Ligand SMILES: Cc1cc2nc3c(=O)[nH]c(=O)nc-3n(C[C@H](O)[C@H](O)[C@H](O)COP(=O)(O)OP(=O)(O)OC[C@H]3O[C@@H](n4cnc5c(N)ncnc54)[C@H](O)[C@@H]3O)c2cc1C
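Shown below, as structure tokens, is a lone chain in the form predicted on its own; questions about how it binds or moves come after it.
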């Protein structure tokens, strides 16, 4: 079947885009590999009417509502390659076969590239976070750490005191200059210059190379973000953000390639569930306009 729109990615942005198109009675295929970025978190925060709800429940309910529309199909698969042709685009799947559509919506999300600190990856989304607006409140103004991943981590270190007593772990990443030291002091941020050996404990404990163990209620860091290579395969322009590249779009979420729209974390420097849903709604409506009035 040749669809009106293929949406690559069935998380919050892709689901939101699909809902706009389904309500316009367009034939839509969602291709999803089943790996939401926030799959490690037990609760999602900051999204109206769903504050504190488990992320998988939000996604499952959204999918169920979308699939109530007869013009929507869902395919659990990983897209391997995109090709342009006269009638639109073909998407080749990892385990064989392909699907085609006039318009594409890229909602492929990002992969977080975490620092190589023993014990960190298994605590990601549970005790180690990247967004204070998503997870800071629940720490109850407790003991908070910020792990430097680059000089840009200064931004996090200066933000987090609004959520608790903050220690900035430099871990050999960089050394603040005099102006930065004054800013940190003004925000009552403690500095820890020693090297980290590992994270331990049932919750989170930062164990230093000198064997000191510093208990925390939560640790924040800014990971590098890696997007799918699918966008570059068809020539979508990229933009460099502070923590990695993302797909460049205009105000309607159109990419530099006619007929291709992008939304969610893959198309912005930073994201959240609420922002992804808003971006997806815009991308879905814009994709519908492209179908009506031309690319």
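Residue numbers count along the first chain shown, from 1. The structure displayed is predicted, hence computed values, not measured ones.
Below: the form predicted together with the named molecule, not depicted.
- The candidate site formed by 5, 90 and 259 is entirely out of contact with the named molecule in the model of the complex, as no residue has a non-hydrogen atom within 4.5 angstroms of it.
- Here the chain stands alone, but in the model of the complex its contact with the named molecule, taken as any heavy atom within 4.5 Å, falls in 36-44 among 64-72, 249-257, 235-243, 36-44.
- A heavy atom within 4.5 Å of the named molecule in the model of the complex is found for exactly one of 155, 78, 193, 212: 78.
- Distance criterion of 4.5 Å from any heavy atom to the named molecule in the model of the complex singles out 130 from the list 84, 187, 143, 130.
- Contact annotation: residue 17 falls outside 4.5 Å of the named molecule in the model of the complex, judged by heavy atom distances.
- At least one heavy atom of residue 109 is located within 4.5 Å of the named molecule in the model of the complex.
- Mapping the unseen interface onto this chain, residue 174 falls outside it, with no heavy atom inside 4.5 Å of the named molecule in the model of the complex.
- Contact annotation: residue 287 falls outside 4.5 Å of the named molecule in the model of the complex, judged by heavy atom distances.
- Along 250-272, a non-hydrogen atom within 4.5 Å of the named molecule in the model of the complex is carried by 263, 264, 265, 271, 272, in order along the sequence.
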